[in-house]
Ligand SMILES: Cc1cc2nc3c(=O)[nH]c(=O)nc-3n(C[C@H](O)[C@H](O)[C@H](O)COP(=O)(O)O)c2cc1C
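Given next, in structure tokens, is a single chain: the form predicted on its own.
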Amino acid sequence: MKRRPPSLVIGRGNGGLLLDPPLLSAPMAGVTDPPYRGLLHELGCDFSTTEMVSARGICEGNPTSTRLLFPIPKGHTAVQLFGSDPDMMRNASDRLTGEGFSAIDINAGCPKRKVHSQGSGGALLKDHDRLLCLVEAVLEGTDLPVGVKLRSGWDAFEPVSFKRLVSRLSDAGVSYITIHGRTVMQGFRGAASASHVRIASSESDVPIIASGDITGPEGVNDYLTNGASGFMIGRALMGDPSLFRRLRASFNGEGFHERYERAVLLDNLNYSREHLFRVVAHYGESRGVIKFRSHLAWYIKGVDNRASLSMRVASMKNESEALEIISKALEMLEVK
């Protein structure tokens, strides 16, 4: 059994969001869409974050942006905004307030070129003054809690600059800061640094949320000992919606079951049916099944001799085909 993390309150003014335990799902483009976030909440996630949404798209009513904006009735949902223009960020925050969301999260770490080439996402780590202007604009535009998600730096970790940025964000009035312990240029190469979380915790008066490489209770406890107050899980959720539930069980004294244990694979494949139904209901059958291809490829990872299934996943076009593949994967696991 690992130590249970203390509960966390993310607040602003007189209000606060209680997270117990403080486990959050990360914003991931193409992954944490409304259907999947809904399933995660049903399985133990108290706080999810939308896919990254353009502030300009919100202000201009772009359908691509607005389709991402569905708060989940059960639990708390933060909108993750990206942009480089303070007025756009302020106006988008104002429009989102009162729409059922629990917080607004500012993206200051996305490593995707199409985002940082516009001066947004990770590019803000090259211009701390602009980032602080965006933070101030969002705080002016909403009375919701406001968070910022950072990486450790642009192309190198510079402790003095990093400490100064965390301190300035804390003083600006944000409600929490999420630290992913890799630089923007690292992408997802190498290991995320827990020591960067420790350094941030020493400079901040607001909760530090740790992000990067959390796959089980050991990762949570490692960050906990380095001063983190909350734990944001990202890529480990791809094809593993039951992870939150298993983590909760481990903090209540039960053993933790790893993702590729047979019983966990069976559980997740059964949940994949519900995931499929939600995707089809949200997007329609044709578009939904195409979007579900990547998810199903993650669900069947760990199934022995899945090559033939993977080929079918890549070309499936309707709900019936998807259900047949899920049934075949279950059958392969059950006769193992």
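Nothing here was measured: the structure is a model prediction, and the numbers come from that model. In case it trips you up, residue 1 is the first one in the sequence shown, and so on.
This next part talks about the form predicted in complex with this ligand, which is not shown.
Interface residue among 238, 125, 199, 72, judged by heavy atoms within 4.5 Å of this ligand in the model of the complex: 238. Among the residues 152, 211, 77, 120, the one placing a heavy atom within 4.5 Å of this ligand in the model of the complex is 211.
Within 4.5 Å of this ligand in the model of the complex, a heavy atom is found for none of 137, 142 and 174. Interface residue remark: residue 51 is counted as part of the site for this ligand in the model of the complex, having a heavy atom within 4.5 Å.
Residue 256 falls outside the set of residues with a heavy atom inside 4.5 Å of this ligand in the model of the complex. Among residues of the shown chain, residue 29 is one whose heavy atoms approach this ligand to within 4.5 Å in the model of the complex. At a distance threshold of 4.5 angstroms between non-hydrogen atoms, residue 107 is in contact with this ligand in the model of the complex. The stretch that touches this ligand in the model of the complex, counting heavy atoms within 4.5 Å, is 213 to 221, out of 245 to 253, 164 to 172, 93 to 101, 213 to 221.
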